[in-house]
Ligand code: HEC
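Only one chain comes next, encoded as structure tokens, the form predicted alone.
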Amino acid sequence: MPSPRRIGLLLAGTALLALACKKDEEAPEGPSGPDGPTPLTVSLPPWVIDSLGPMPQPADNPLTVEGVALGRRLFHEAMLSDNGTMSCATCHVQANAFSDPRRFSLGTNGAVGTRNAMAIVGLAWSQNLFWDGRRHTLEGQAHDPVTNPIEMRNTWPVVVQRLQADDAYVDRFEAAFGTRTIDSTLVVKAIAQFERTMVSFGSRFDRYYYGGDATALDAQELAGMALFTGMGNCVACHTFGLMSDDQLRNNGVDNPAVDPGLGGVTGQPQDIGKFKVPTLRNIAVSGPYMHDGRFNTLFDVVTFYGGHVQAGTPNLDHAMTPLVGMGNFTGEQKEQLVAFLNTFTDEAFLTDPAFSAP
């Protein structure tokens, strides 16, 4: 069983965890100063920098106070949808780790989607966005829902026209990007900036594993951790840190594949049935689970992995091999695993006013 690490960082780590992602809630949204937008740095615990490296930022879209403030407003802006009834936050709910508690989200005309809306947590380090990995930047990810015919059902010219007609938004774009001319590129840049600040590193697991607090987990949770890193082989895909390796894998949930996943993007047979490994951070509140939301509870999920991975599935990922033929987890083992998964919940993240509607 892994033991607590970097105990020497406990005091500094604890202090920074309390500050993580706490930004100026009254960020200026008027014209920026003579030196342009104000650079912004998201506070991260030392272990994050040590394990994951600094937060990646594209050279043409660095974080700024004004850009994040604008992105936050746009994330909650219903003008992005065709009929003004839906924003990004409609399907990415903060209390649910910015995922959708419904199995499938509904479009503005009542159309039903085919995949569960993924959580938005720690995506600054991700290079594969959406379940099928079709986008590789947060800017690209922010672009698609606006024009999706079963989501916001809008066009970018309409969105830009609406925002351009709002003097307050014109001022905010000038503050963030130095121009009063709005376009779709700037809209998605602002939303992407805001989404990069959505980091969650304040769970009880973090206090135990990185902060050195031996009291943060109880005996049942520690037993679950041993299963997670050992017999269950969960850590092969849900690596500590981001709790996801950002890869696309076939986990043997369907044979034959009902949804092609990555294969539908690449057209390659070897990619059929591959989906992005989701983060387990805040997983207790981000159900339902799997790409199609088929499992309602974490107990259902661990039941599947403990004895129900389909061995003959084409393209079955090698990480699933130890689970094939392993036999079922006992009831006690399932409870231990679920208890451990619950330790990834970060209550401060789920209630942080910096992420809520302005």
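This is a predicted model, so every value here is computed, not measured. Residue numbers here begin at 1 and follow the sequence given.
Absent from the display: the form predicted together with heme C (HEC). The rest refers to it.
Colleague: Is Phe75 close enough to touch heme C (HEC) in the model of the complex, meaning at least one heavy atom pair within 4.5 Å?
Modeller: Although heme C (HEC) is absent here, Phe75 would touch it in the model of the complex, with heavy atoms inside 4.5 Å.
Colleague: Pro145 near heme C (HEC) in the model of the complex, any heavy atom under 4.5 Å?
Modeller: Pro145 belongs to the contact set for heme C (HEC).
Colleague: With the partner left out of view, is Tyr169 within 4.5 angstroms of heme C (HEC) in the model of the complex by any non-hydrogen atom?
Modeller: Output for Tyr169 is no: heavy atoms all beyond 4.5 Å of heme C (HEC).
Colleague: Is there a non-hydrogen atom of Leu262 within 4.5 angstroms of a non-hydrogen atom of heme C (HEC) in the model of the complex?
Modeller: Heavy-atom contact with heme C (HEC) at 4.5 Å: absent for Leu262.
Colleague: To test your reading of this chain, name the stretch in 174-182, 159-167, 211-219, 88-96 whose heavy atoms come within 4.5 Å of heme C (HEC) in the model of the complex.
Modeller: One stretch meets the cut-off, namely 88-96.
Colleague: Since exactly one of Ala223, Val285, Cys234, Ala124 fits, which has a heavy atom within 4.5 Å of heme C (HEC) in the model of the complex?
Modeller: Of Ala223, Val285, Cys234, Ala124, the residue with a heavy atom within 4.5 Å of heme C (HEC) in the model of the complex is Cys234.
Colleague: Heavy atom within 4.5 Å of heme C (HEC) in the model of the complex: which residues of 173-203 meet that condition, in order?
Modeller: Contacts from 173-203: Ile191, Glu195.
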